[in-house]
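Take a look at this single chain in structure tokens; it is the form predicted on its own.
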Amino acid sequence: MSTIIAATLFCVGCKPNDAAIQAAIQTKEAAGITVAVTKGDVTLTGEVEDEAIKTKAEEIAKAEKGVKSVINNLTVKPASLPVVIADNAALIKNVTDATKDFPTVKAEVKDGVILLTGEIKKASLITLMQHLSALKPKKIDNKLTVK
């Protein structure tokens, strides 16, 4: 009987604890990945460069002794898209079209920057700015007087 108890205690002692599992996984994971372990359940959080790194991180965690399950909450960084700035000639034409319904607004375009002067009603300002922003200028320099 004492042999069975000793064997049971020995086997329980052999099982890695959460802190040991966490430390072992964390040393193998890429930078930016946080590992949390509770009762053998591993949670991965953080931001990674691509889907392959996310998948590999989960595989590393699952392979560790004592891990029961892995919750992969890693997010993949969005690809940075290049900023598109409209051509100056096209921008001049489009700004003229966008401001035609606002007779008290004067708009000038220089090097991709729209300079707004004049007066505008508060209710119309948002509409004008949305139209101009959609044209993809480098910048909108708003010097309008809001009434």
Partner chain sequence: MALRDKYKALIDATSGISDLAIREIDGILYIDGTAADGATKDHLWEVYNQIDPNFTSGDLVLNVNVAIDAAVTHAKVITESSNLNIRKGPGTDQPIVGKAAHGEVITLVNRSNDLWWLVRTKDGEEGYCYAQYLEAQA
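Positions refer to the first chain, counted from 1. Just so you know, these numbers come straight off a predicted model, no measurement behind them.
The same protein also has a form predicted together with its partner chain, omitted here; what follows describes it.
Stretch from 89 to 97, 58 to 66, 103 to 111, 38 to 46 whose residues place a heavy atom within 4.5 Å of its partner chain in the model of the complex | Among the candidates, contact is made by 89 to 97.
Is the gap between residue 124 and its partner chain in the model of the complex 4.5 Å or less for some heavy atom pair?
-> Yes.
Taking heavy atoms and a 4.5 Å cut-off, does residue 135 contact its partner chain in the model of the complex?
-> Result yes; residue 135 sits at the interface with its partner chain in the model of the complex.
Non-hydrogen atom contact residue 24 with its partner chain in the model of the complex at 4.5 angstroms | Although its partner chain is absent here, residue 24 would stay clear of it in the model of the complex, with no heavy atoms inside 4.5 Å.
Within a 4.5 Å heavy atom cut-off, is residue 130 in contact with its partner chain in the model of the complex?
-> Judged by the heavy-atom cut-off of 4.5 Å, residue 130 is in contact with its partner chain in the model of the complex.
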